[in-house]
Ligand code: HEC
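As a starting point, one isolated chain is supplied in structure tokens, in the form predicted on its own.
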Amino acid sequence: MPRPLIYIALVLVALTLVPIGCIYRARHAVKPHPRIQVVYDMDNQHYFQAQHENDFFPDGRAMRTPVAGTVARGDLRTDDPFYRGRVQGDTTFVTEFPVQVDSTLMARGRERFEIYCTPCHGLSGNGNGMVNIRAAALAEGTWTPPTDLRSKNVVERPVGHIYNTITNGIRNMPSYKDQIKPRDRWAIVAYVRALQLSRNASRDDLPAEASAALGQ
């Protein structure tokens, strides 16, 4: 092959690399303006920011509330005893735990209780937590003391009632359903029952080994 043709072929090969180099530089170089797009994908779609106005809807709000009855995927919650503390299809509170109560659940309940409940109810559940102590010291006359969870009134409540109180709140106590998951609420109820038992139990309720140890 003549030498001039070889030079021409090499130049043509080099020229084919120029577009590739330009494309690479265009995609990786920092520019003050958005890159030019031949096909406008969803990168540049128009959408409303949260809290902005939108004249399309009668209320003028861009943010839309979920349709009534909307349920998140996998969150249908048809199990009334577990999710609501009530008998299936009824308004009566359940008297039995809808979860297995074991040492793992009890340990979880103690942990969650100490995080969410002790500030008001105290570590023993007697209602004299640090918040109550502070409020009593201020003596502003607007504070309602927390309930003693070991009192006869609470002991006689069904477990579903206590679960419902954690879920929806009662009197001055707010709802904790957004902070505490359903299973953790049942774990707290189990731990509350343990606190009640620890106060009201007799020696006859102890295992034989523990009872014998007390006599030594």
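Note that the structure is predicted; figures quoted are calculated from it, not measured. Start at 1 and count along the sequence shown; that's the residue number.
Separately, the form predicted in complex with the ligand exists; it is not shown, and the next lines address it.
Annotated contacts: Tyr116, His121 and Arg157 all touch the ligand in the predicted complex [non-hydrogen atom within 4.5 angstroms]. Note on the partner interface in the predicted complex: the residue among Arg171, His46, Lys31, His28 having a heavy atom within 4.5 angstroms of the ligand is Arg171. For Pro146, a non-hydrogen atom is located within 4.5 Å of the ligand in the predicted complex, even though that partner is not displayed.
Mapping the unseen interface onto this chain, Ala190 falls outside it, with no heavy atom inside 4.5 Å of the ligand in the predicted complex. With contact defined as any non-hydrogen atom lying within 4.5 angstroms of the ligand in the predicted complex, the contacting residues in 160-181 are His161, Ile162, Thr165, Ile166, Ile170, Arg171, Asn172, Met173, Pro174, Tyr176, Ile180, given in sequence order.
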